[in-house]
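Below: one protein chain in two forms, given as structure tokens, structure 1 then structure 2.
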Structure 1
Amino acid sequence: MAKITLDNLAHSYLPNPKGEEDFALKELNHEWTDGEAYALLGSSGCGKTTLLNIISGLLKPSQGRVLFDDRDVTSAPTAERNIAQVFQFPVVYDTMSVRQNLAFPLKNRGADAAYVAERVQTVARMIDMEAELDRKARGLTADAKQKISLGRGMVREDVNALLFDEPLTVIDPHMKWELRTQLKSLHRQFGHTMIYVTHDQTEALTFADKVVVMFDGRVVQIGTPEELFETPEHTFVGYFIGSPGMNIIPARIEGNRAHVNGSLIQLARAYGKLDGEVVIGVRPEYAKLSDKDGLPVRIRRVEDVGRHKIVRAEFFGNDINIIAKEGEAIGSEMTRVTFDPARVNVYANDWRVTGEAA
């Protein structure tokens, strides 16, 4: 186990990067606390895989340092870093048995046979594959293969970190649940430092203690799932987290009031003069339909998604979404919407403004 420090890190795939836009990963300082589970969340091309490859040593950064417990490993090869990685598509040694697969990393490091046998047994129990130990890895299902990849990582007791690169891509929804919970309970029991790269917010939020949200090569927010949900620091986080994402409504702010098209929305905090493009952000979960209170809204479509309903509506020329309860009746009298003042965030030029308690 180790703490991982990223110091002034940046990377460009071009030999002579000029401006900031040439960098696939823009300058970043961060410390990954020992034993925490992190998720790197972002859409494809946001730089999350670049960052993962720098940590695992598959890529040398154009700038900055990577430290494992204060040891500079920036130029150290992958094998020296003592990390484990689970890839998007299952990587197993097909011709070996499950047992041989699990023993492989230890054998390569010259561990003695008795120790290897004992560790393999322990890990097989951890990943729940004791019964399959003597089967050939080839011909197993995708989720079993992913478990083997994971087991190959955990078999080394001195492993510094476990890295996951979208590991559930090829797994069926029902099995995703199984694997994710298993991963989660393994983390709880053994406390490995884990970094999990994904574009799927559900996977990121449910897996991680802290989620690192990336957008366009930049880390826009690092926080607990709750922080990302309640107080997105950037409009991108508001949009990217939550399903559907946060409603963004252009507004003019005066103290603790927001004006939208001349109508007034009460805010819980007061704000000074704001520059640039100002919007308010409110999650669909905190918008509520009403027949008498609030501001006028026109319902376009109601989608019943089982455990709740998503109301697609028009609000002063903006598209907004409202979440209604499973059994809630939505009649034609529902022509107004209210927002929970404490849950309305204010953004200037896409970044959140904190304001002061009103």
Structure 2
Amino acid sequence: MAKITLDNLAHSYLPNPKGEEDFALKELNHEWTDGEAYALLGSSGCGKTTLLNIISGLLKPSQGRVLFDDRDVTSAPTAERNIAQVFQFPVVYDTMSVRQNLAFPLKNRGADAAYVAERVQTVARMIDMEAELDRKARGLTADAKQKISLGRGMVREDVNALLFDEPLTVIDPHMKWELRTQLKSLHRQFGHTMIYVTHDQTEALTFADKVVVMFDGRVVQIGTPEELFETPEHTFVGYFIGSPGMNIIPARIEGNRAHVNGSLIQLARAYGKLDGEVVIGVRPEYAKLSDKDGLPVRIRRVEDVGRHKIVRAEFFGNDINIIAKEGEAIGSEMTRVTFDPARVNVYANDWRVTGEAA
């Protein structure tokens, strides 16, 4: 296990980058705590895999350093970093049995035969492949092969870090839930530093202690699932986290009031002069339909998803979503919406502005 420090790190795939726009991974400085589980979350092309490959040693950064427990490993090959990595698509030895595949990382390091047998049995149980231990990998399905890859990554107990690059892409939905649960159990049991790359917010939020949200090659927020939901530091975090995501509404801010198309929305905090593109962000969970109070809204449709209803509406020309609780009546007279002032975030040029207590 290791504390991982990213010091002044950045990377460009161009030989002579001229400016920030030429960098696939923009400059970042972070320290990831020994023994925690992290998820790198973001849409395709945001830099997640680039960062993971730099940490693993598959890619040398254009600038900056990677340190494991304060030891500079920036130029160290993957083999010297003592990490295990599981890739998006299964990498297995087809001519070997499942048992031989799982045992390979341990045998390659000269582990005791009894320990190898015990550890292989334990991991096979975790990935639900005890019955296939003596089958050749060649004849197995893609999701079974990926389970072997996961098992190989988990079989060693002495690694500095376990790195997962979208490992559940080829796994069926039910098995995804099972494997995520097993990975969490493994983390609790052994306390490995784990880094899990995904574009799926459900995978990230259910797996990680801390989620690292990336956008356009930049880390825009690191936080617990609760922090990402309640106080998104960037509009992308608000939009990407949540289902549906945060409502983004252009506004003009004066003190503790937001002006939207001539109407006022009360804020819990006061703000000074804000430059650039200014918006407010409100989670659908903190918007409420009313027949008396609030600002006018036009309901387009209502989607009943079981535990609650999602109201799709138009608000001064902006599309907004409102969450109505299960059993909450939505009548034709409910043509107004209110927002919880304490839950309204203010953003300037996509970044959250803190404000002062009003």
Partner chain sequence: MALVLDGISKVTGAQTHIHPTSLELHKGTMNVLLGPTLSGKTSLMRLMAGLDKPSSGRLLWHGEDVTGMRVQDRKVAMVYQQFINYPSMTVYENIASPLRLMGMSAAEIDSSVKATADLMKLTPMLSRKPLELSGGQQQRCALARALVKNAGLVLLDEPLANLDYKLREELRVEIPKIFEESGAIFVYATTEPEEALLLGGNTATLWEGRITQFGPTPEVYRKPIDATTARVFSDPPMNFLSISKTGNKLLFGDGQSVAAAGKLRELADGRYVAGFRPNHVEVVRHTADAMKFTALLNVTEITGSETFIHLAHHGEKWVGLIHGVHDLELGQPIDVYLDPSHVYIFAEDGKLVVPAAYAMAA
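Model, not experiment: these values are computed from the prediction. One-based numbering along structure 1's sequence throughout. Note that the rigid core is defined as the largest set of C-alphas that superpose within 1.5 Å between two forms.
Self-check item: Structure corresponding to the form predicted in complex with the partner chain
Solution: Structure 1 is the matching one, since it is the form predicted in complex with the partner chain.
Exercise. Determine whether I241 and A357 move within the same rigid part of the chain between structure 1 and structure 2.
Key: Yes, A357 belongs to the same rigid part as I241 (C-alpha assigned to the better-fitting superposition).
Self-check item: Smaller-part rotation in degrees, where the chain is treated as two rigid parts between structure 1 and structure 2
Solution: Domain rotation angle comes out at 13 degrees.
Quiz prompt | Angstrom shift of the Cα atom of V155 between structure 1 and structure 2 (superposition on rigid core) | solution = So the C-alpha of this residue moves 3.0 Å.
Exercise. Please state the CA displacement of M129 between structure 1 and structure 2 in angstrom, with both forms fitted on the core.
Key: C-alpha shift for M129: 4.8 Å.
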